[in-house]
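Next up is one chain by itself, shown in C-alpha cells, the form predicted on its own.
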Amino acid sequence: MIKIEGLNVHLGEFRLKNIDLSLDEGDFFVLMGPTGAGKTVLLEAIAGLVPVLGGSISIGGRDVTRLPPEQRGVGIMYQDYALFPHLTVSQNIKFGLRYHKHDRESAGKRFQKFVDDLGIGLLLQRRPETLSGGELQRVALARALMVEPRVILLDEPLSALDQGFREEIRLLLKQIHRSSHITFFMVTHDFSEALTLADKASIMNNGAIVQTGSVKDIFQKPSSSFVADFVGMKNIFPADFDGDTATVGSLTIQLPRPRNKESGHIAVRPEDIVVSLKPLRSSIRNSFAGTIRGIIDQGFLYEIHINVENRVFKSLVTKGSAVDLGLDIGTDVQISFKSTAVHIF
C-alpha cells in the first residue's frame, strides 16, 4: 500500500537517511522515536509537504514522489489540529472537498456519517476557538476522513489531550480503523499508544529507521540498546561475554544461550526483576543482594531502584507488595531474574 525506498530528505541541517518502509493496505502502522528523530518530517514527505532529495514514495502502486499533496489520496491530521479559525466546524470538515472531485450526494451522506459517528452534531456552527481539546480532535479527524483518503497520516494525535480524552480518541481511532479499509500511519513518541493501536511499527532515531517489525517483537526483542531503552527496559548495561555468561562490573550473569562475540550490552525489563527480602528458593539462576536507593511512585506501582555492587537495577513492584515487604530506602533486599529475561545486543 505504502512503499518507501531509499528516501532522503534534507531540511537545513536535518537529514532523513535512506528510509525504507513497506505497509500493507489496511495496516495500522506507528512510527515512534524521541523528539527530533525525524518522525514528522517523514510523515510530511509522504503527504507531499516537504521536497524529496532522493528515493521514492508509492501509494497503492502509484509513484507519488513528485505529485502535489492533493493528488496523493492522503488525509493528514496534525498535533495542533490546524483547523481554520475563521471557518465553522462544518466548513472546516468540508474544506478539502474543493480540491477533490466528488459526488455531492455521497459527500453529504459521508459528512452526516462522520458527524454522527464522532458525536459532533451540536458543534457544526461553532468555530474552533470555542472547542475543547477532545472536540478539536474529533473535528480534525472528520476533516481528514472527509476526502475519502486511502491513507490517513496522524501526527501525535493524542499528545495534547488529558488522559480521559486520550482514551476516548484511542477508541475512536480503533473503531474507525476496524470499520474501514483505510491505512493508518501514526507518528508518536509514546510506546503505550503503539501497544494499544498498532500492528506494526518502526523506531526512528536521528533521521534513520533503527528497527521495524510487529509491535510485540519490538517490545520483546529490541535489536539495540537504544531501542531497548526506548521501549522501557531501563536495566541496560555494557557487558563482556564468555559462553553463556555475561560480566557486568563484578557481577556474573547467566545468559539464555552462549554468545559468540566478546562484548556488547544486556538488558532486563523492570517487571522481570523480582524483589524479595531473602534469596528465593527457585530455579532462577540470577540472584544478587542489594540495597534500595530510591522509590518512585508510578501510579499503581512503585519503581524500586536497587544498588547491586555499584550497579543500579530498577524493578516494578505493586504497592501492596511493597507494603507487605516493608520496602523503604536503605532496606537490604535480594533481586532475582531468569536467564531467559536477559536480552543481549
Partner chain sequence: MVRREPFYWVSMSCGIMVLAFILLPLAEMLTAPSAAMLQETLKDKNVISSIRLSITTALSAAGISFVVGTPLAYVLARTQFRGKHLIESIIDLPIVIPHPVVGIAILSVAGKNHWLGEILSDLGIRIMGSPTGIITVLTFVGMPFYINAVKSGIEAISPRLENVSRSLGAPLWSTFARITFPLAWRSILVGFIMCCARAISEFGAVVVVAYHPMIAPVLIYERYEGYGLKYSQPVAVWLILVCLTLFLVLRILALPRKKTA
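Numbering follows the first chain given and starts at 1. Keep in mind the model is a prediction, meaning the values are calculated, not measured.
Not on display, but discussed next: the form predicted in complex with its partner chain.
Proximity to its partner chain in the predicted complex holds for none of Glu309, Phe313 and Phe345, with the criterion being a heavy atom within 4.5 Å. For its partner chain in the predicted complex, the listed stretch (222-230, 267-275, 88-96, 112-120) containing residues with heavy atoms inside 4.5 Å is 88-96.
Scanning Ile76, Val187, Ile182, Leu255 against its partner chain in the predicted complex with a 4.5 Å heavy atom cut-off leaves one residue, Ile76. Although the partner is absent here, Arg138 lies well away from its partner chain in the predicted complex, with no heavy atom inside 4.5 Å. Looking at Asp155, you'd find a heavy atom of it within 4.5 angstroms of its partner chain in the predicted complex. The closest non-hydrogen atom of Ile236 lies beyond 4.5 Å of its partner chain in the predicted complex.
Taking the partner from elsewhere, Ala82 is found to have a heavy atom lying within 4.5 Å of its partner chain in the predicted complex.
Contacts of stretch 131-153 with its partner chain in the predicted complex, defined by any heavy atom lying within 4.5 Å, are made by Arg143, Ala144, Val147, listed in sequence order.
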